[in-house]
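So this first bit is one chain, no partners, the form predicted on its own, shown in structure tokens.
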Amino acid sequence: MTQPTARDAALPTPVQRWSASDYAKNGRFVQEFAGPIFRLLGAKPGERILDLGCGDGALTAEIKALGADVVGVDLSDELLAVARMKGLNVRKVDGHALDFVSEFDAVFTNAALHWMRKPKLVIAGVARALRPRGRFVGEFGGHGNVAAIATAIRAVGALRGSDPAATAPWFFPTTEEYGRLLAEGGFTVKEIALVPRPTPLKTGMEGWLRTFGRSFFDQFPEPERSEVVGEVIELLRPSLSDTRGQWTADHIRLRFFAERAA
């Protein structure tokens, strides 16, 4: 098992602030498309499961409904407050600094790992948190995810003199890269694949950009911010909007199932 180096150890500064109302309005597809990864988890009554990057607890509640003892962790105070209102056991914990030891039968994560830009720290923490032969099951943005959206943001950002660190601040690995990281972290990879998943946006591209691209757009004061959003939308319109004005996000997910060594 390869341990994170001193260079890896410094925790990155969180780049994204979340609005619970925006997430509920514009990001519900995260829950709606979670069926395959939820089935891959196969949560059983009595299992102790960690939901890493639980957000507002939508999937945490589904795991709990199956009879599992589930703990959710996230960094967003606003999203965690909503999860607590649902009666869920959630805590404010950085995914790069998990402090659980041999406590869980499984760690589940959906649409969260691409925000955690030091994956060696995350994987090491997950390995510590799991019991021997515990499973790590997840799905997040993989190589090529939102390629058109990220390119449009970079193009507009370059013209606007934006902060490069806030431009497309995601970790989107290939299966080879993430599989290697899992193996080095003490896991046996049972399944791993890139899954193209074009996602219809019920609230349009502006809702997606203002919710999931907030770290980029927040650097601009209004009314410039709305102008920047509009410029990105117009760059994307030919490729991601159909003739009826229906927008689709170019999502590609990396889905995996790995088992911790005994």
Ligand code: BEZ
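The numbering used is simple: start at 1 and walk along the sequence shown. Note that the structure is a prediction, hence the values are computed from the model and not measured.
Another form exists, predicted in complex with benzoic acid; not displayed. Remarks below refer to it.
Visitor: Among 129-137, 173-181, 114-122, 75-83, which stretch sits within 4.5 Å of benzoic acid in the predicted complex, heavy atoms only?
Guide: Stretch 114-122 is the one.
Visitor: Pick from 156, 146, 98, 71: which has a non-hydrogen atom within 4.5 Å of benzoic acid in the predicted complex?
Guide: If I apply the 4.5 Å criterion carefully, the residue I get is 146.
Visitor: Does at least one non-hydrogen atom of residue 25 fall within 4.5 angstroms of benzoic acid in the predicted complex?
Guide: Looking in the predicted complex, residue contacts with benzoic acid do not include residue 25, since no heavy atom lies within 4.5 Å.
Visitor: Can any non-hydrogen atom of residue 208 be found within 4.5 angstroms of benzoic acid in the predicted complex?
Guide: Contact with benzoic acid, yes.
Visitor: Taking benzoic acid as it sits in the predicted complex, is residue 217 near enough to touch it, meaning that at least one heavy atom pair lies within 4.5 angstroms?
Guide: Outside the cut-off, so no.
Visitor: Under the 4.5 Å heavy atom criterion, name the residues of 218-253 that approach benzoic acid in the predicted complex, in sequence order.
Guide: Residues within 4.5 Å: 251, 253.
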